[in-house]
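Take a look at this single chain, the form predicted on its own, given in structure tokens.
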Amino acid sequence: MRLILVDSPEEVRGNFYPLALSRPLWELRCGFTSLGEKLIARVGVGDVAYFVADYMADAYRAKARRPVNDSSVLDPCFGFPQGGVPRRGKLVPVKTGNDLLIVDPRVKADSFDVAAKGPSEVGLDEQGSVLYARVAKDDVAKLPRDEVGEFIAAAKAKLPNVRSAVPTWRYIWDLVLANAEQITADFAAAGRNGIEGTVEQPTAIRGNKKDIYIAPGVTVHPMVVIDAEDGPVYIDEDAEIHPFSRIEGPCYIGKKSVLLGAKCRKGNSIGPFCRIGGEVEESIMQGYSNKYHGGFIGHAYIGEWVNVGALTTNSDLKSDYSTVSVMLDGRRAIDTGSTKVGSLIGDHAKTSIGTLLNTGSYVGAMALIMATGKLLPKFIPSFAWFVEGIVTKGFGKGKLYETAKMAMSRRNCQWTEVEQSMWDAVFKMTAPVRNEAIKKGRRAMLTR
């Protein structure tokens, strides 16, 4: 059996912006791991391939250890074992003769109970979109295999269709709202507890010690409180917890992340290589981002290479306790159905000291924000320079690229040509909304 993850079309992926602008949906985090890792574990196969939007294919191929946008994986006579077979830097096919299981990454892994093997069938949601397609080897040979979209369309047309009740992720904030529960489930699935790292005394541990895991290489400084009374706490390898930090479960602290006297409230998933200070509650940080200083971030999803300036604070609850709306495209407000939604912050965004983010704020990728002393608009476009209360072009994307390159080099990561090419495509994709905001800003300046 070969598992193939096919990213959703742009009109669906837009519900997961700004985080999905620079990654396929299965790379989004919830709990300990990504949505893709959960699906792979659920299906239980190591032979996996990916299909992503064309503009991000080269950049994602440089990171993935499996085939990306390679239509040969649709051939039933060839397979790619986990990681492939390296030969001169390429993945070489190995004859296996497998069936195919194609899955949309919106599918919730913990509820995906479709058998990996069995007769061919195509699972559809209520709108008739394909959520999964299990295609037996003999049927694969009867379908066009030059392009994955054509393959799926032909499978839907020629193979038995079933109405699927498998639940799906609908919006990016769904991951935030489900994060605490997912951490608890992932802790149970990991099956680890105990202290394998270094815990310096005095340190206070509250709750059941069976609900705490401190991985090898972790250093917990003195005067730290780890509170597992309301949920498990998992501190991953080589993380460092500085004095006066408080960690409340359910909580996951990623590899090589650092807590600097942080108040890490329940429901947080902190990705790898993050630095956290101040107060963070029920939020997801994708990785490689800094919230080094004081300020509050709650019910937020923060991408990679984000720098949250000192005293930056977001609201995650409206003063009238009504449900929060979010503008994903800058034009229409979507009711989240929840009273608690903070900020959605895209990769490489930067906020200045004292930035105040409104409830349900959208901060686009590569956006640079200067504080105004009051709540900011709820939508800041990608690549925007928000200066003196208006959206501007600032010094352009070239300067933003220079900053991204510098930030990545500080973590021994490289800004590559294929990555820049991907971001050039994102710049074009997001131009209409950004240009509209810039024109509005220019008109506002004329009236001052």
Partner chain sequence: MATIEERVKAVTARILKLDPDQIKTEHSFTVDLGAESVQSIELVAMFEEEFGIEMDEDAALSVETVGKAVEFIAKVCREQGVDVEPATGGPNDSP
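Predicted model only: the values in this text are computed from it and were never measured. Residue numbers count along the first chain shown, from 1.
The form predicted together with its partner chain exists for this protein as well; it is not shown, and the discussion that follows is about that form.
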With heavy atoms only and a cut-off of 4.5 Å, decide whether residue 44 touches its partner chain in the predicted bound form. no
Check residue 199 for me: does it contact its partner chain in the predicted bound form (non-hydrogen atoms, 4.5 angstroms)? no
Within a 4.5 Å heavy atom cut-off, is residue 370 in contact with its partner chain in the predicted bound form? yes
Is residue 388 close enough to touch its partner chain in the predicted bound form, meaning at least one heavy atom pair within 4.5 Å? yes
Only one of 58-66, 393-401, 28-36, 411-419 has residues with a heavy atom within 4.5 Å of its partner chain in the predicted bound form, and that stretch is 393-401
